[in-house]
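Here's a solo chain for you in structure tokens, the form predicted on its own.
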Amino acid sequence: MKKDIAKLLQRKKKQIIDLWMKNQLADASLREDLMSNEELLEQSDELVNALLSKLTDDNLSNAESTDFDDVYEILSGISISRARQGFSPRETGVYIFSLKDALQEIVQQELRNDPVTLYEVSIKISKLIDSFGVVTFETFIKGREEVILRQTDEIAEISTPVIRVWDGIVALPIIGTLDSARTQVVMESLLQEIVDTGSGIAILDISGVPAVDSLVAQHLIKTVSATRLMGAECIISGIRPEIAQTVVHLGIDLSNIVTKSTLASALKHAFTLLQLEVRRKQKETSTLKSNI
């Protein structure tokens, strides 16, 4: 190459940052609600400084060079933080690829009288930033997956609330599909509540479970077994007609487990086990009698 492109770009650092910021601020998808312009400038300035400080004419055409380790580290941090903040993949892509536009514009201004060198440099810059873009997307996806997994765990915890319905009786309504991971959450929540409250009866209500197959049934049986090991009796409620037919069709043996069609029926059975009787209070009426 006839010119030291790395040093040229280093001298033009301020112009590159200004052009890059101009490109980003001009984009219609700019999310000022998620990041202020000051934060965006600080983030962009850090990345440009890291890139230009390590850039040489040799590694310009080698995106795998260890010289760019700091750049990749910064890009990874940016991608993960943007995934957590709620940026879309497109918005994250625009961020890094708009840097390519700024670099290309500076190169075109400086090499406009040398089309051969301009072409060669443009290709190298394009490939380099494209490689950065691939890493950015890969890290963004990992960051988004972490967010989804965390939200899934939070939803699982929220969707398995253990309710103390009576002294000595707890109930756990299950809503949605019951898989191995969720069964573990259900089991832990239920057993912990049994210990905390000293309850002797636990009701598992599966009214909100869309379907019961052999795997779901096995998960329920495991939960019942664990509950019994804690010294508590377990009742399964919410056995709808279609669920009963499925259980029979699959040949699943639930004969040693107390099952009820509704939560009310399960609660009534629990009262019987605890030798409790609940009666409706009769309103007292007074009759006026006249003594003649």
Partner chain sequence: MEKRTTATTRTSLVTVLSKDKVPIAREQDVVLFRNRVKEYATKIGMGIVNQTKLITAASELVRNMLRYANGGDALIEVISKGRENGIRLTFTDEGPGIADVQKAMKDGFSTGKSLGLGLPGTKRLVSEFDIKSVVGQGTVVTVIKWKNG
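None of the values given here were measured: they were computed from a predicted structure. Residue numbers count along the first chain shown, from 1.
As for the form predicted together with its partner chain, it is not shown, yet the points below apply to it.
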| request: Please name which of the stretches 88-96, 67-75, 104-112, 120-128 has residues with heavy atoms lying within 4.5 Å of its partner chain in the predicted complex. | output: 67-75
| Though only this chain appears here, would residue 146 touch its partner chain in the predicted complex if you measure heavy atom gaps against 4.5 Å? | yes
| field | 4.5 Å heavy atom contact, residue 138 to its partner chain in the predicted complex | value | yes
| request: Although its partner chain is absent from this view, report whether residue 150 comes within 4.5 Å of it in the predicted complex, heavy atoms only. | output: no
| Does residue 179 make contact with its partner chain in the predicted complex, using a 4.5 Å heavy atom cut-off? | no
| task | Quick one: from 165, 172, 80, 209, grab the residue that has a heavy atom within 4.5 Å of its partner chain in the predicted complex. | result | 80
| Triple contact flag 240, 259 and 280 to its partner chain in the predicted complex, non-hydrogen atom at 4.5 angstroms | no
| message | Where, within 82-102, is there a heavy atom within 4.5 Å of its partner chain in the predicted complex? Residue list please. | response | 84
